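First, one chain by itself: the form predicted alone, in structure tokens.
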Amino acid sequence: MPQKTIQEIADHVGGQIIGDTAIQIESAATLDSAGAGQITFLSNPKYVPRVKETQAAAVLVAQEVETNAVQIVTVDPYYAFMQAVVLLHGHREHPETGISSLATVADSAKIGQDCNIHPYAIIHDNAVIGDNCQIYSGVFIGPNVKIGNDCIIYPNAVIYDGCQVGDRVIVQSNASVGQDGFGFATHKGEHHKIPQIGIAILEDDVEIGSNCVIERGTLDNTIIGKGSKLGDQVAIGHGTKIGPHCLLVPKVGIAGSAELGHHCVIGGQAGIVGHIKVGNMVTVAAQAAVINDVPDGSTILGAPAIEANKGKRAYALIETLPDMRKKLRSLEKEIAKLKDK
């Protein structure tokens, strides 16, 4: 594994060194597990005591702290740590297979330069794949799909017919993009399928986690905005529009035709009903149930979801409710006795 000096890392992340500039770093680790030859980071002030105890050779910090490790002071230690990890370890390397003879590629499909199409991938009629893409085994690319440059589609992912994928998009294994939305017209007790004539669009720099499902639109397209990241097992309903740079933690569910603004963070297992608007820079706590429009900049929690500070006070009362009930019953009896007198 290649090593880097503290000076090289500091230059790479734009930080200032406190300590020996020549120490060699070979890998990255957490505060608790890091040892000689490793770099770690401090981004949360509550972990300052751990920095004093760390055995790491170097630590990325926002300001100077008490520690035996060499310090690299930088504005955003967590981002700098990401940069250091990439410098030391790099991203996953992909096998150079070219277009495998065991892949099925339609004659009318267009494949860009320097693509690797792995065995048993299927590329359908009139699909367009950009340059430098990695299409792994078992991937299904439907007819008329358009995929941009530098994309990675991991094993057994499915991109349904007509869908569009931007540049530098990552689709993890077993994800499904563009399947039919959950749309039915109920008539005389029977559920009749509504054709889903929209598509799903993944804009540039989107990442879709394993086992995600993104439904195509019934009429309007489903859109995942530029730079948004969806965790594993996220379900996006038909016609939903996710704004740029949102983070959806695993197992989030969003019903059809909902709209999210930019830079929203949706906690794990949260649910958002259809046909509502969630503003920009909204934070939704885990397991929240969002049933109404949400203003810009809000932080909400609970089921149904309410403003976070109100929610915390309300939920803090829950454990005292049995005692409060007893007191109320006692007071009711006292009031009844006074009325009798």
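Just count from 1 along the sequence shown to find any residue number. Small disclaimer: the values here were computed from a predicted structure and weren't measured.
Just so it is clear, the following notes concern the form predicted in complex with another copy of the chain, a form of the same protein that is not shown.
Contact annotation: of the candidates Gln164, Gln134, Gln172, Gln71, the single residue with a non-hydrogen atom within 4.5 angstroms of another copy of the chain in the model of the complex is Gln172.
Comment: another copy of the chain is not present in this chain, but in the model of the complex one of Val158, Cys115, Val145, Ala109 has a heavy atom within 4.5 Å of it, namely Val158. Highlighted residues Gly90, Ser176 and Leu219: every one comes within 4.5 Å of another copy of the chain in the model of the complex, counting any heavy atom. Residue contact with another copy of the chain in the model of the complex: Pro304 places a heavy atom within 4.5 Å of it.
For Gln287, a non-hydrogen atom is located within 4.5 Å of another copy of the chain in the model of the complex, even though that partner is not displayed. Using a 4.5 angstroms limit between non-hydrogen atoms, Leu321 touches another copy of the chain in the model of the complex. By the criterion of a heavy atom within 4.5 Å, Ser33 is counted among the residues contacting another copy of the chain in the model of the complex. Along 311-337, a non-hydrogen atom within 4.5 Å of another copy of the chain in the model of the complex is carried by Arg313, Ala314, Tyr315, Leu317, Ile318, Glu319, Thr320, Leu321, Pro322, Met324, Arg325, Lys327, Leu328, Leu331, Glu332, Glu334, Ile335, in order along the sequence.
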